[in-house]
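Quick heads-up: it's one chain on its own, the form predicted alone, in C-alpha cells.
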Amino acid sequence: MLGVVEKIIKALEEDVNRGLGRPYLQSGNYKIYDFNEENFKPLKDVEPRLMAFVDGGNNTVLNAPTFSLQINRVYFNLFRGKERQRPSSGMPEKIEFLSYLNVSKDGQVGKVKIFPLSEEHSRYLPREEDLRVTLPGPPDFYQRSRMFSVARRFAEWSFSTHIIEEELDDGDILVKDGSLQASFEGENKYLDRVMKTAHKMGINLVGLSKTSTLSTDTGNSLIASIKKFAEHKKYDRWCYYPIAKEIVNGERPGSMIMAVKLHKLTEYIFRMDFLKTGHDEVEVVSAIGENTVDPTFPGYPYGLIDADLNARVRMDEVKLYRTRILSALSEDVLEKLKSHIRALDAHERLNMIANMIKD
C-alpha cells in the first residue's frame, strides 16, 4: 500500500510542478494570448452600477430510454452594488416550465416540447422548433443526460435578452452563471441575439464560471497557472486579460476570456467571459466585485449565490409533479409507463437500499 501512495504522490508532484506554458483552448474560434505581466489590472473603488444576475436549474420528473420530462426554472435578481433592487418593468423574477424531450425511433434526434406553468411566461421562452438536438451515440440515455438541460439553457438566453431590453440601460451589467459559449446545436441563435442586444444597448454582458477546465499547453490548469503567475503581484484583487478573444465573422461582437480575483480575502480565481461594449473593463469588473462581500463565499457575487438558490429545483418539487402526473394516468397507461421507467431506475433503487442499510 505504501508503494502505491508514494507513486501517487510522485505523480501529483510532477503535475503541479509543470511549467506554465501558454493558454490552450480546444475551440479554434479564439485568438490566444501569451502570459504577460502587463495583463494584470488592479480593481478599484467605483460607483455602484445596476447589475442583473441570471441562473437556471432543472431536474428530472420522469425518465425513460425514449423520453425525459424535466421541470425547469430560470431566475434573475437586480442589485446596485450591495443593495437589492426590484424589477421596474413588472416582468417576473422567475419563469418555470416543464420540458418533454422525446427521442426519434432511430435514437438519433431529440425534439423538445415546452409547457409553461404560467401563460405569462410563454413570451420569455424559446420556440419549440429551435429545440431539436442530435443525440450522441451509442443509444445509451445515461450518456445523454446533458441533453436534459437543453430547454433550460435556451430559456436562460431568451430570458436574458428580455432582462436587457426591459430592465437595463447603457452601462449596466448582466452577469450570467457560466461562460458565454454555446453547448448545443442551435444555441448560437439565442446567444447571438442576447449579445447583439447587449452590444446595441451598451449593456456589459458577463459570464462567470464557478469552475473551469481550461488548461495550458503543458497540461496545467489555466486558472492555477495564472494564480501562480500572480504571486509576486501586490494587488489584493485584480483582473487578468486578455487570455483569449473570440474570432467572429462580423455579424455580432465577440467575447473575451479573462481571469478575475474579486475580493482580497478569497483564494478563488474565476474565469470570466466579457462582451466589450465600449465601457472600461476594469471599472465593470470592479463594480461586480462590490457585490462579492457575502461572508458565506467572499469573492463570489452574492447575486449569483441568490440566483443559484432560487433557480434550483428541489426534490420535493419533483416528487409533487411526479405524483400529480402519475395519479392522473389511467391504470393501463400507468402500467405501460412503469415498464419504460424501470429500464433506467434500477440504480436509483440500489441507492435507496444502500441508504436504508446505512441508516
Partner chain sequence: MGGSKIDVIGQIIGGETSRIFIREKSGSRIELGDLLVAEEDDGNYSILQVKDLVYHSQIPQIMRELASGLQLEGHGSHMEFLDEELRNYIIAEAKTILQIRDNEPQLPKTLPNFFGQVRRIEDDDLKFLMEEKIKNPLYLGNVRSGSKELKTSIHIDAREAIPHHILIPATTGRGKSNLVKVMLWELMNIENIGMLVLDPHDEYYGRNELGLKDHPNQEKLRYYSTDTSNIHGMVESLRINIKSIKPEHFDGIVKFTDAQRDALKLYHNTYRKEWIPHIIREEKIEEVESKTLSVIRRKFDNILGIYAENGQIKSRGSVFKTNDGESTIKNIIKSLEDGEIVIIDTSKLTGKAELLVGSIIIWAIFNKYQKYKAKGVLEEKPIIGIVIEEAPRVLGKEVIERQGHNIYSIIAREGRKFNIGLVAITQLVSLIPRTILANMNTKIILGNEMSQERAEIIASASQDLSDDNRTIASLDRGEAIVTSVFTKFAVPIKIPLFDEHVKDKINKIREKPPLLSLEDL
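Residue numbers count along the first chain shown, from 1. Just so it is clear, the structure is predicted and the values come from calculations on it, not from any experiment.
There is also a form predicted together with the partner chain; it is not shown, and the following applies to it.
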In the predicted bound form, the one of A64, V46, V293, L50 near the partner chain [non-hydrogen atom within 4.5 angstroms]: V293
Option touching the partner chain, based on a heavy atom within 4.5 Å in the predicted bound form, out of K189, R146, K264, K228: K264
One stretch from 293 to 301, 33 to 41, 56 to 64, 312 to 320 that, in the predicted bound form, holds residues within 4.5 Å of the partner chain by heavy atom: 293 to 301
In the predicted bound form, R84 touching the partner chain (heavy atom, 4.5 Å): yes
Any non-hydrogen atom of F79 within 4.5 angstroms of the partner chain in the predicted bound form: yes
